[in-house]
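Only one chain comes next, encoded as C-alpha cells, the form predicted alone.
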Amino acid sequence: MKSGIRFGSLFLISFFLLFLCSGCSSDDVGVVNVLNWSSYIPDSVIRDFEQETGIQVNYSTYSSNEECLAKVSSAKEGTYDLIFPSDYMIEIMIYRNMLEKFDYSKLQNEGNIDSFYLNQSFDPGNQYSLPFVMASTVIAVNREHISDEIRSYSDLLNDKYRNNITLIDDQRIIIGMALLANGYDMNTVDESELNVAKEWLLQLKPNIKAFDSDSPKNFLITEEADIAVLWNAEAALAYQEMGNIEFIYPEEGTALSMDNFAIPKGARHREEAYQFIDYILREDVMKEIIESYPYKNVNWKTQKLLDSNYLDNIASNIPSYIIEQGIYVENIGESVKLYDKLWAEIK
C-alpha cells in the first residue's frame, strides 16, 4: 500500500512538472536573436558573451536599412530581440510602433556613450535607441594605379575609370551622392532634382564595376576595382591590407550614419537583449569590436584604450570637422517611392 502511494505521488509530481513546462522550450530561455549589419561584431565577442553568460546568440544579418525593415516587418512578432537600424530607420520604426521603449534600469554601462552622440533628432531623449557606432561614406583610391587628383564625386565620371568603381549597394546613399554632386540636398524630394541625379548616375554607370554593401573593400583588396565609394571602416580595413589606399572626403559633403541598438516590439528575450547591449557597451568589449571593424567609436571610455593605429587614421577615426559638415539620411515618408523608382532605373 505504501509503495502504491509513493508511486502515485511521484506520478502526480511528474505530471505537475510536465504541465508547468508544457509551454516552455529551449528557445524561451537563455537565447537572444540578433539582427545586425554584416561585419559589425566579431565572432570572438559573441563567443565570449555566450561563455560568460550562458546565453546563446542567434545571429543574422542584413545589408541595408530597407532590408532590416523588410525582415522585421515580415517576421512574426517576437522573432528578433535586438536590431541595429540607422538614424532615419529608427524614426520610421518609431512612427510605425515597431520598437520597445528602453528600460534603462536594465543597463549599467550606458554612461560609457559619449553624450555628443546622444539625443539626436531621430530619437529625442533616446527613448527607443542607443548609439552603437557612427559611419561615414568616403572615397577610397588605390594610389598604386590611380594618380589623378580626386576631390569631388564628379571626378568619378572620368572615362578612364570605366568598370573600375565599386559603390555600396544603398539607394539613399548613392542617390544622395549624385544629388550632392549636383549641388542639391541629399534628402530632396523634388522630382526635377532627382531626375538630374538619375542622369548623373546613368553617366557614371559605365564606370561602375559592382554594387556591394556586404564587403566592398574586397574589390580594392583583390584589385578588381581601384576606386570605391564605401563606408569608412571598409576603407580603413582595405588600407590595413594594402597600405596604398588614399581616403578622400569629397568637397560636396559626405553622408553620415548612426547605427543604434533597438529592441523590436514584442521581443521575447528582452532580458537577454539588455545583457547583450550592456556587454557590448563595456569599454574592453567595444575596443575589440572597433579594432576589428574600425567605425567611428562613440564610447568615451573605449576611446582612451585605442592606439594610434586607430586614432591617427582619418578613415576609422572620422575627423570632427567631417562630422560637423556631414549629412544624415532623413526620413522622407512616402516620397521614398521616388527613390525606389529611380534606383530601379539605375540598377
Partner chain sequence: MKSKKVWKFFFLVPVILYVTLLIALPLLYILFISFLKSDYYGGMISSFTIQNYIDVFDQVYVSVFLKSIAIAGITTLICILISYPFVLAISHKKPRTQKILMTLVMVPFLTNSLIRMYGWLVLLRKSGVINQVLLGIGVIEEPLSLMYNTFGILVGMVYTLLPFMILPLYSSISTVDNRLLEAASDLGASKFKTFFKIIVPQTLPGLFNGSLMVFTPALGYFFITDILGGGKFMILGNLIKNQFLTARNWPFGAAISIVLVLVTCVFIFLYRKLGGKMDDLGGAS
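None of the values given here were measured: they were computed from a predicted structure. Numbering follows the first chain given and starts at 1.
Not pictured, yet referred to below: the form predicted together with the partner chain.
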Exactly one residue in F219, F276, F102, Y153 has a non-hydrogen atom within 4.5 Å of the partner chain in the predicted bound form; which is it?
F219
Single option in I314, I322, L305, L69 placed near the partner chain in the predicted bound form, where near means a heavy atom within 4.5 Å:
L69
Counting only non-hydrogen atoms, choose the one of 94-102, 153-161, 176-184, 252-260 that falls within 4.5 Å of the partner chain in the predicted bound form.
94-102
Do heavy atoms from each of F211, G333 and D340 fall within 4.5 Å of the partner chain in the predicted bound form?
yes
Considering non-hydrogen atoms and a 4.5 Å limit, does the partner chain approach K205 in the predicted bound form?
yes
Is there a non-hydrogen atom of S74 within 4.5 angstroms of a non-hydrogen atom of the partner chain in the predicted bound form?
yes
With heavy atoms only and a cut-off of 4.5 Å, decide whether E223 touches the partner chain in the predicted bound form.
yes
Would T53 count as touching the partner chain in the predicted bound form under a 4.5 Å heavy atom rule?
no
